[in-house]
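Encoded as structure tokens, the following chain is the form predicted on its own, with no partner shown.
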Amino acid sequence: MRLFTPEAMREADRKAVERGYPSLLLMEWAGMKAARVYLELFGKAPALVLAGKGNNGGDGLVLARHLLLEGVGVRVYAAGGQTGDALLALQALLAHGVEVGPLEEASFREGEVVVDALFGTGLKGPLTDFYAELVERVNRAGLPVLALDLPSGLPFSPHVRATATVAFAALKTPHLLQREACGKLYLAEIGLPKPLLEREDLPEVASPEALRPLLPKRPLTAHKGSVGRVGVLGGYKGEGLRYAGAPLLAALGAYRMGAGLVHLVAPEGTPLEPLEAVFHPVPSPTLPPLKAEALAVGMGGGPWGRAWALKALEARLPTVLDADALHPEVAEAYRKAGVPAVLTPHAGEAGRLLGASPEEVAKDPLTAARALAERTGLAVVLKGNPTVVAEGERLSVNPTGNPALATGGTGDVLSGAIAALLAAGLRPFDAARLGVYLHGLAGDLLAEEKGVGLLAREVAEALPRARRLLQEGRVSPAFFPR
């Protein structure tokens, strides 16, 4: 699955038509699939369809016809000036005796569901005047909104704030970069020839089908030394402060992702948790002899973070560098040494590495992740919503995770989880995207049960469940093919 820009999607539509695929079929399938999503979400609740004059409006007119045939009450208001397929969709709806009023007369009634079919991927700039006001009226109405392809106005402001969005054929960048405006996302196949959707030059969207084969196998003869051993180096003690929880959470994340043994190298006086770990209490950043296949370094390192990372480099093992280990000179040292490593910054830490502000990084995480991977020569996990994984020219955008994960320690759990996958033999890019996906899925499972107020250790404890669901093909995906 690839993440399309609106321009790339329009190109795919055009090429399909050039190959002889009827564009009217694309519109019919889009409207029909969107109607199915409507019925699943809202049942027979009456619909208010707001249709523009272009193809997005045509999709809405097709949806209105299919809802009508299912016995749903439909009110339709449309812009004038339809041509081509949109005009045919309008004529087909009128043939059923539906009255279509002008958009200027649209009104909102309690109990209705608004279908936003005003604008799709074709916008070149922000909405103004009448359409800007109409979008704001939709938002103020307080009614559920189903957006077709994109909430009207995206990627600009103002835009519709949808309850759910049906993406046609492929996901587009606003679906993930402006997820909050889209609500719950559904992906509807509409008949585009599959070769047109297999664009290796576009970022991938992490999917269960792509990630399931990466799960490390555990044979019947497995033992703790054969399934991956992880060393965790982190923590700080000094100046009246002690950062002890972060490395413990990384150790727990490594175990729950499947590590056979975890060595915990942390300051003297660090609590002896988890009990299963082998403890190496040290007075300062030190690399004791470890039997390990991968390291996680820097969690809770504070002023010791840089020293932890440079000491860990002596082991020349695949390494996850997190938190206080994230410094330009550290990344450069690992690059020069040729040691496989995964950087796991949030927007602020990525900004420090790139010489940019956190706001600049968060505004365009795909570009920032790629730039950081190119600059360092290492794999990068740029944490956020969405989290982006980059290595060389490859980009993977993660669809799992939710705001409930915005709590202290969840990033430490992620670092340990990725290290466990490195220790099991996965390459940095694969360990990163699989670890990020399962970590986000664990958060989704917990948020569904508990809402906000999660603890990082609970996320770690949910990792085996997330892994099992992925292994068994029982993941409830963030995007639903229809």
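From a predicted model like this one, the values you see are computed outputs, not experimental measurements. Residue indices: 1-based, along the sequence shown.
The protein also exists as the form predicted in complex with a small molecule; that form is not presented, and the subsequent description refers to it.
In the model of the complex, segment of 431 to 439, 451 to 459, 26 to 34, 414 to 422 with a heavy atom within 4.5 Å of the small molecule: Contact-bearing stretch, as computed: 26 to 34.
When the small molecule is placed as it is in the model of the complex, are 13, 56 and 168 each within 4.5 Å of it, taking any non-hydrogen atom of the residue? The answer is yes: all three residues contact the partner (heavy atom, 4.5 Å cut-off).
Check whether residue 125 has any heavy atom within 4.5 Å of a heavy atom of the small molecule in the model of the complex, and answer yes or no. Output for residue 125 is yes: heavy atoms within 4.5 Å of the small molecule.
Exercise: residue 113 in contact with the small molecule in the model of the complex, heavy atom 4.5 Å: Result no; residue 113 lies far from the small molecule in the model of the complex.
Can you work out whether residue 236 and the small molecule are in contact in the model of the complex, taking contact to mean some heavy atom pair no more than 4.5 Å apart? Heavy-atom contact with the small molecule at 4.5 Å: absent for residue 236.
If you check in the model of the complex, is residue 190 within 4.5 Å of the small molecule, heavy atoms only? Answer yes; at least one heavy atom of residue 190 falls within 4.5 Å of the small molecule in the model of the complex.
By the heavy atom within 4.5 Å rule, which residue out of 163, 173, 270, 121 makes contact with the small molecule in the model of the complex? Contact check passes for 121.
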